[in-house]
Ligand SMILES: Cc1cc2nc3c(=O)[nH]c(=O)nc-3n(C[C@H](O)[C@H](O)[C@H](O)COP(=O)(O)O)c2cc1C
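Quick heads-up: it's one chain on its own, the form predicted alone, in structure tokens.
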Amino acid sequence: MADDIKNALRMMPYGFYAVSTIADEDANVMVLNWASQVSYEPRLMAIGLAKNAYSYALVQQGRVFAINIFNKADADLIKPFTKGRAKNPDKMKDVVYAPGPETGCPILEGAAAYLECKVIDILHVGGDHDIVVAEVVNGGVYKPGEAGETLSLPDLGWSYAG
């Protein structure tokens, strides 16, 4: 029997971002696709963050994260972040980044743009992901472009829904 809910959810195009965070001296970068602006004033973002992700504890402790946005043409630059710290404990060893001016979160070399965010609340919704709501406190654009040039899951032929 077909799962129409799963099929419908997979029809929604999701972005594909590198989310970086830091707490004390411990930094991490992970891929994430559930991200959306949820308010104009103040500028708020919401991300769906897996509770079992290494970055989850860092976001809880440091209360900051950055969304690194990549262009389709730069898809290979984000792929090293698809494996978690459990499978790749040295994942940050060769990562080239600059600390964000407002949060200290890694701003990745090769990113088209970034948004630095300070956590307002973590909503525990009873699922395998929690919703993190944060205010955008800084941002920058390195490679000007349009939304259609931004990397998304469909560009990679991947799905994370259902």
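Start at 1 and count along the sequence shown; that's the residue number. Since the model is a prediction, treat every value here as computed from it, not as a measurement.
The same protein also exists as the form predicted in complex with this ligand; that form is not shown, yet it is the one meant from here on.
_in the predicted bound form, the one of Ala112, Leu32, Leu115, Val59 near this ligand [non-hydrogen atom within 4.5 angstroms]_ = Contact with this ligand in the predicted bound form is made by Leu32 alone.
*What is the one choice in Val137, Met45, Val95, Ala50 with a heavy atom within 4.5 Å of this ligand in the predicted bound form?*
Flagged contact: Ala50.
*Can you say which of 116-124, 32-40, 65-73, 101-109 gets within 4.5 Å of this ligand in the predicted bound form, counting heavy atoms only?*
Going by heavy atoms within 4.5 Å, the stretch is 32-40.
_I'd like to know whether Leu153 contacts this ligand in the predicted bound form, with contact meaning heavy atoms within 4.5 angstroms._
Contact check for Leu153: yes, within 4.5 Å of this ligand in the predicted bound form.
*Taking this ligand in the predicted bound form, which residues of 87-101 have any heavy atom within 4.5 Å of it?*
Stretch hits: a single one, Lys91.
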